[in-house]
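Given next, in structure tokens, is a single chain: the form predicted on its own.
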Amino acid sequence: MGAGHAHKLYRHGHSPVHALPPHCKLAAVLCFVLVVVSTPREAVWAFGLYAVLLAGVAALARVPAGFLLRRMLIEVPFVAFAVLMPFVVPGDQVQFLGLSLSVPGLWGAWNVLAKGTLGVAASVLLASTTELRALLLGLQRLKLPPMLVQIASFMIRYGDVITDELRRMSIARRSRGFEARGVRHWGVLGKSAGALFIRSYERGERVHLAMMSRGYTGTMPVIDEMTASRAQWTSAAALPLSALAVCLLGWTLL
């Protein structure tokens, strides 16, 4: 079972973080995110310590800061939402640079930005140090429902295939002089989307029949059985346990 190729987020390396089994890293990131979400928003210093912990992991994994920051741009829509909160959330108002800002909105924006950014950073670090194929094996190792793992596997494998099909259709339209300029061209784009759906569906049928003819019974064979030692679990647990200590301290000091 595999994804078929490396993804753009992955950064090849031989660091201790790269060497950890994928299910250990998945469990560690999940626990870290849960701890971050559970931290009171008023404990501002705690989020700074979480960022320091992630920076330490990035340094250990030899992932450059620029590489990490560029791939964190995916959270920009959430940042835009957070920026609006001080203007739309009702409550006590404060004045800043001539603007009237809501205090609950400011706290809400901080909550979204801090926790969202840390969650995205942890996820990007996971993807930067773990190949997609290994991530899928890790999910299977953690007893995620096999059907969900298979769906994710096929989505990753054939996502590029469908994207390439869409690119060829776009080239074919442009070679015939078509260029979408307004609402009147939406019909053509809709027909293209329908054609892409039919082609994808037919491809799925052919792949399924090919799998059935090769003995597929509803589960994919596991070629690489990944196991983790106690030392590896301990290393992976260092991040969430450190974050948990910070979180407990934050609740204590409130």
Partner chain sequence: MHVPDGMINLPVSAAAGVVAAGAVAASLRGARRELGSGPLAEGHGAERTAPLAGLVAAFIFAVQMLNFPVAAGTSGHLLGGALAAILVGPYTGVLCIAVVLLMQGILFADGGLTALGVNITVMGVVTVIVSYGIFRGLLRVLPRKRRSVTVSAFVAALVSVPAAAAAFTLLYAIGGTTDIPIGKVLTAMVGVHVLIGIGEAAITALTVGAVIAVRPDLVHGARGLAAPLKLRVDGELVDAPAPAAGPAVPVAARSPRGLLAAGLGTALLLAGVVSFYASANPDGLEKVAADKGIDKEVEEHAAADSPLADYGVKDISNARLSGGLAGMIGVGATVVVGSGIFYVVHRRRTTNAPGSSGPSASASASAEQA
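Residue numbers count along the first chain shown, from 1. In this text the structure is predicted, and so the values were computed from the model without any measurement.
Note that the form predicted in complex with the partner chain isn't included here; everything after this is about it.
Considering non-hydrogen atoms and a 4.5 Å limit, does the partner chain approach Leu144 in the predicted complex?
Leu144: contacts the partner chain in the predicted complex.
Could you confirm whether Leu9 comes within 4.5 Å of the partner chain in the predicted complex, counting heavy atoms only?
Contact check for Leu9: yes, within 4.5 Å of the partner chain in the predicted complex.
Is Thr163 close enough to touch the partner chain in the predicted complex, meaning at least one heavy atom pair within 4.5 Å?
Output for Thr163 is yes: heavy atoms within 4.5 Å of the partner chain.
How about Val183: is it within 4.5 Å of the partner chain in the predicted complex, going by heavy atoms?
Yes, Val183 sits close enough to the partner chain in the predicted complex that at least one of its heavy atoms falls within 4.5 Å.
If you check Ala172, Met155, Val83, Leu99 against the partner chain in the predicted complex, which one has a heavy atom within 4.5 Å?
Of the candidates Ala172, Met155, Val83, Leu99, Met155 is the one lying within 4.5 Å of the partner chain in the predicted complex.
Can you work out which of Val29, Leu68, Leu54, Ala43 has a heavy atom no more than 4.5 Å from the partner chain in the predicted complex?
None of the other options qualify; the answer is Val29.
Going by heavy atoms, what in 181-197 lies within 4.5 angstroms of the partner chain in the predicted complex?
Those in contact are Arg181, Gly182, Val183, Trp186, Gly187, Leu189, Gly190, Lys191, Ala193, Gly194, Leu196, Phe197.
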